[in-house]
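Take a look at this single chain, the form predicted on its own, given in structure tokens.
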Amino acid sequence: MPSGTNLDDLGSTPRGRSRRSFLSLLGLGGAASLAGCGSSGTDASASTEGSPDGDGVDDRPDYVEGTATGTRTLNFLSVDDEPSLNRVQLALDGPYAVTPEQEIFPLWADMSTDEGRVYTVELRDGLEWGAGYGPMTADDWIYTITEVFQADPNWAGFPNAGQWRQNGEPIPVEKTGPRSFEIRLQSVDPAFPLRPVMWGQPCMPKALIERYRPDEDQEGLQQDEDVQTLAYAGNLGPYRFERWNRESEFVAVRNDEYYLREADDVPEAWRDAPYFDSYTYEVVPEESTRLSALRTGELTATDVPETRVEQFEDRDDIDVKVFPQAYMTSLIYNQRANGSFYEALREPSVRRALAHAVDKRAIVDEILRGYGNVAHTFQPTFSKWYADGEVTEYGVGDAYSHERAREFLESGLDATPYRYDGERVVDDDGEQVTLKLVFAQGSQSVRTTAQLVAQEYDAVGLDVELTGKEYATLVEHHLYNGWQGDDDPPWNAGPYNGGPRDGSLSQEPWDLILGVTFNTYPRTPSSIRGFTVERGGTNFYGYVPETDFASLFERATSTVDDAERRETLSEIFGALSAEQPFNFLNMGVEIVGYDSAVRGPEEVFGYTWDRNTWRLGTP
């Protein structure tokens, strides 16, 4: 999550119009960031007598977090999108949290190590599954790890399977007691606890998974009532499932048996958590409706578009907070065989040419109103691992030019079925190339960025057809891909990468996607491996790198020397900026408007780690 802005003057376009007038053609007055919302009936004046800090709660209020999108499943084993995981995490804490100071905060478990290679996981006593599955044990974890996370083939569609392997081999896990087990790495990795391997990773009861593992029945597991209602969650989270409508709302109610109330090793604030009777994700696709609900007090919190911040900043009943975040917005290129331009998009020279065509500073300064930073590689500049000297910058300064983009594109197309015919790019049959850009609905800034891209590409001879889709539909239709051949695929890395790019295709064709953000993992950058190797679990776009990223990531994770790790990561970030698997556009921030009575959120990276202790206080 970046902080700070860059407000350099943008000059003029190659065609002579001023940058401001060029952008005004796109209707920038309504630009906004990806937002969410809901309706709760939250009362900012709710009584708070007697809370752990002396204010207390007589009548616990309800909390509603807004969202522009729904979710299609609550099966965490086959999803890797924030809307789905946010809902699951209300009922399932995960083993531990990481504080903004990068310290481990034990939840279900504590993790320890002597030398950074063998990690011991010790589960708390008193952790109980629901639906009759009994206590959580080491057997549940070992079975989930070996029979799901590390399963070959990936029968459950687990998207992060690569995180549980080293050098292509499963990471060994060994039971050491009824509630303890060891994770045995091949080499020392002091950053392991900060990686998205155990951190925040839920688990399922062994007895539940066993019903589907023998037949590799992914669909059966997906449709299991205990999975789709989180009935197995027991006392393992602050809330328990109450109801769910995929397209409108998810409601969880306070879990009176929450295990942390019995813990003696947590701060007092956790012992009466959570401080709300219910937590609702309300799906309201229209941005204007969400903001109206925030104004009228129907929401506890919702994201605020960049263009609307000033309208809320002076209100006594709403606090606007700006949080640095790790998510990067990119223009994603389809390099799988069901795109209309895939032969060209597989060429790094073509992707570099297209990067010259899009003005990144205009997006940050004009569309995002300065709330964000231009991105050039798969890491934010605030990360301690970022290396400016290795990164090639496209889309800024002299590297933003329609003239250069056309020149480089013409050269790059030589090895493809496409060419210039006068001012326009055509295919083998002499037909104008039209690229299908699919964007996530619910955000005016995403829509406006899509319109800008279409204008920029038009200036270099490429037509663009814009199609907006609700986020969950976009994921299902365009991100998920599956093997089309009669035989089994040579490999399957999960729902986002079902096999080689010539044979594993999405349900519907596409060429470009906007509105899907990627986690850059600034604490543990080698975690981006799944986005950058051919068999990566999140490589839905079919990128096949020229650089041997697998070896580089292995080197980066196996050294205990920070200088060596920095040097290797610099090489990775430099190669990614040169190969342009997608156009790195910007690192944004999250802007949230809260009921002014909400106490807890701090404007730091990783601010949600203790959201179970947030409460309402006196404004």
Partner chain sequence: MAGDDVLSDGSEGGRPDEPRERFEDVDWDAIDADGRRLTNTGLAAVAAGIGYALALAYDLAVAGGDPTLDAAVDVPWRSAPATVVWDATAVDWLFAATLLAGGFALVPLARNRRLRGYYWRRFRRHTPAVIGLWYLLAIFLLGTVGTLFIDQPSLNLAATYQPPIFASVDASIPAECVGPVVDGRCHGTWKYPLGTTGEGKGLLALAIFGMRVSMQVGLIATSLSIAIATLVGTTAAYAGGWVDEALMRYVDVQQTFPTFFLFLFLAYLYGGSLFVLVVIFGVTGWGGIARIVRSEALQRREELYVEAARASGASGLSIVRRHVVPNVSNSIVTAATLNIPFLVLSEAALSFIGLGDVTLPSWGQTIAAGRGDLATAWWISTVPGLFLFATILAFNFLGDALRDALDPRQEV
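Residue numbers count along the first chain shown, from 1. Nothing here was measured: the structure is a model prediction, and the numbers come from that model.
This next part talks about the form predicted together with the partner chain, which is not shown.
In summary, among the residues 517, 506, 451, 524, the only one with a non-hydrogen atom within 4.5 Å of the partner chain in the model of the complex is 451. With the partner removed from view, the residue among 489, 482, 468, 116 that has a non-hydrogen atom within 4.5 Å of the partner chain in the model of the complex turns out to be 468. The stretch in contact with the partner chain in the model of the complex, judged by heavy atoms within 4.5 Å, is 473-481, chosen from 321-329, 119-127, 202-210, 473-481. Interface membership of residue 367, defined by any non-hydrogen atom within 4.5 Å of the partner chain in the model of the complex, is confirmed. The closest heavy atom approach of residue 254 to the partner chain in the model of the complex falls outside 4.5 Å.
Looking at residue 307, you'd find a heavy atom of it within 4.5 angstroms of the partner chain in the model of the complex. Within 4.5 Å of some heavy atom of the partner chain in the model of the complex lies at least one heavy atom of residue 295. Using a 4.5 Å heavy atom cutoff, none of 376, 388 and 570 lies near the partner chain in the model of the complex. The partner is not shown here, but in the model of the complex the stretch 422-439 reaches within 4.5 angstroms of the partner chain through a heavy atom at 431, 439.
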